[in-house]
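Only one chain comes next, encoded as structure tokens, the form predicted alone.
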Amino acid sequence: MNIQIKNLYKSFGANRVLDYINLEIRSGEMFFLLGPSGCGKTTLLRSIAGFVDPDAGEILFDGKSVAKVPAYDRNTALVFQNYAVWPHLNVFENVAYGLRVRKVANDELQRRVHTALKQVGMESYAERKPATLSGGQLQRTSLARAIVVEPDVLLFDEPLSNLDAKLRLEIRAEIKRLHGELKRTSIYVTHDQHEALTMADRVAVMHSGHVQQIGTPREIYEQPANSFVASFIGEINLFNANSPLAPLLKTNANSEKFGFRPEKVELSGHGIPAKVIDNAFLGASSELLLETANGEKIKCHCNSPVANGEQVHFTVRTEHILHFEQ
């Protein structure tokens, strides 16, 4: 299912939540809507699902407008962050609910529910009630309920937010595996850059109702369109053009801001002198906070131990310096 968003606008009072959004989601891709709270990503997802009526613009499914198509006829399935399972129904009946509403024949219903539960590793929990399940098992149940109806579009509304770090990694891998098997067009809302970088085919970074940039995770990380995208996706050392670092790094660019990623900072026996004022051990590497004689602070990732208070020198290659007009 190919989805086109054309000049979509939505406001709540004086608050412009979607400010004439334009984007296209290709058939079969895992497309992420990424941004901070209040940027409009959930409103956009709910507009696609049919739960929010935009004030202006179009949403097209395979070239056909869905403006007059109610949510229950759009053949989408939504995976919520709070699981949204029926507490009085067992796992099997929670997954079967959508098929019963559609009046699917019992033999077909039994086959599809068992297949969906098997796909998410929940077949042995079919008779269990939600109160007896862990957060990860509840989210697997929610996933099975979404895929069992064989939707054209899978919608994910921050599905990992309520899980601990270990379970997030586990369910993240599960969603990625399922997408690879099912090849359904999937739209995933998150504020977590790591989810976007590791799972997405393409990402739309949103801020204040606008799409700031669309691209692959690598494109957005390595070639951010502006300083907001650079700051939101990964870490960056960001400076104004008149920073004392500019001539030392030979930036030579007519831009308002420049920056570089912490992993691009190289410690060496020459370069710009700085003092280590903080040192955080990250396991595979350490994150240093350096301070120059002019008071500029630079984050740096390195593999060798460096003590607080130690004097070092650093350089950044010209090709690793990013320039921004805003």
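One rule holds for the numbers: they count along the sequence shown, beginning at 1. Since the model is a prediction, treat every value here as computed from it, not as a measurement.
Only in words, not in the display: the form predicted in complex with adenosine-5'-triphosphate (ATP), which the text now covers.
Chemist: Heavy atom within 4.5 Å of adenosine-5'-triphosphate (ATP) in the model of the complex: which of E174, E93, E123, E158?
Modeler: Flagged contact: E158.
Chemist: Counting non-hydrogen atoms within 4.5 angstroms of adenosine-5'-triphosphate (ATP) in the model of the complex, say which of A274, V265, L288, C39 makes the cut.
Modeler: Of the candidates A274, V265, L288, C39, C39 is the one lying within 4.5 Å of adenosine-5'-triphosphate (ATP) in the model of the complex.
Chemist: Tell me, yes or no, whether V17 is in contact with adenosine-5'-triphosphate (ATP) in the model of the complex, where a contact means a heavy atom of each within 4.5 Å.
Modeler: Result yes; V17 sits at the interface with adenosine-5'-triphosphate (ATP) in the model of the complex.
Chemist: State yes or no: in the model of the complex, is some non-hydrogen atom of Y9 no more than 4.5 angstroms from a non-hydrogen atom of adenosine-5'-triphosphate (ATP)?
Modeler: Although adenosine-5'-triphosphate (ATP) is absent here, Y9 would stay clear of it in the model of the complex, with no heavy atoms inside 4.5 Å.
Chemist: Which among 31-39, 296-304, 254-262, 66-74 is in contact with adenosine-5'-triphosphate (ATP) in the model of the complex, heavy atoms within 4.5 angstroms?
Modeler: Selected stretch: 31-39.
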